[in-house]
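Just one chain is shown here, as structure tokens, and it is the form predicted on its own.
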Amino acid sequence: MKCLFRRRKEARPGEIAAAALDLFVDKGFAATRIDDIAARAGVSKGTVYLYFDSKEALFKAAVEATMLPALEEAEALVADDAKPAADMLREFVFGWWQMIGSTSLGGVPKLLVAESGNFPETVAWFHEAVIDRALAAMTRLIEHGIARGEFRNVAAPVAARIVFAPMFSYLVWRRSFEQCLRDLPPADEFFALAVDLLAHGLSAREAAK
């Protein structure tokens, strides 16, 4: 019983952070109260404050527990020199969708856009901790393709942002306008075509024709 209690206590911060993230995505950062988070996590308000001193700390903990492992996988993928760059691009995009876009984490971009004026420090932290790292990984992937002659010589940092543009747009469409956009294609179909267009646009062979 002691062991079970210890495991439950050790898991509690993660459970509270996960409950907070779900509420932030559903209700917005400003509208979510600590009382709401405590109720969703099934703990007292005092227990929340035992582990976290603010909503900002809760948000950071949730991101670090969920998004950063996905980022680490993406960085490991990009470090694999044996794979063709186009294959890495496809794995990167679909891996991102599976681990982030299709989960509750997919609501974070919309949340940050909506709350950026109210919580600039939290948004700046997210940009540095997540977005900058993701862009750096994609930039390295594109540079890898250029160095191997698979991709044409383009401005890799700019191309990296272009890769992320359809990923971001799809999340906003799905989270904000899904009821109105009845012709929004399934994610697999959308990203398969997006990757195909991006890979052909970057391809050194296509440019040489």
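A residue's number is simply how far along the shown sequence it sits, counting from 1. So that the term is clear: the rigid core is the largest set of C-alpha atoms that superpose within 1.5 Å between two forms. No experiment lies behind these values; they were computed from the predicted model shown.
Keep in mind that the form predicted in complex with a further copy of the same chain is not shown, yet the notes after this line are about it.
### Query
Since exactly one of E56, D26, E143, D36 fits, which has a heavy atom within 4.5 Å of a further copy of the same chain in the model of the complex?
Flagged contact: D26.
### Task
Heavy atom within 4.5 Å of a further copy of the same chain in the model of the complex: which of R133, K110, K83, R90 fits that? Just give me the one.
Comparing distances to a further copy of the same chain in the model of the complex, the residue within 4.5 Å is K110.
### Query
Counting only non-hydrogen atoms and a 4.5 angstroms cut-off, does G14 reach a further copy of the same chain in the model of the complex?
G14: no, not in contact with a further copy of the same chain in the model of the complex.
### Message
Can you tell me whether Y51 touches a further copy of the same chain? I mean in the model of the complex, with a 4.5 angstroms heavy atom cut-off.
### Response
Looking in the model of the complex, residue contacts with a further copy of the same chain do not include Y51, since no heavy atom lies within 4.5 Å.
### Message
A155 versus a further copy of the same chain, in the model of the complex: is there a non-hydrogen atom within 4.5 Å?
### Response
A155 belongs to the contact set for a further copy of the same chain.
### Query
Does R175 make contact with a further copy of the same chain in the model of the complex, using a 4.5 Å heavy atom cut-off?
It does: once a further copy of the same chain is placed as it appears in the model of the complex, R175 has a heavy atom within 4.5 Å of it.
### Task
State yes or no: after fitting on the rigid core, is the Cα displacement of R174 between the shown form and the other one at least 2 Å?
Result for R174: no, shift under 2 Å.
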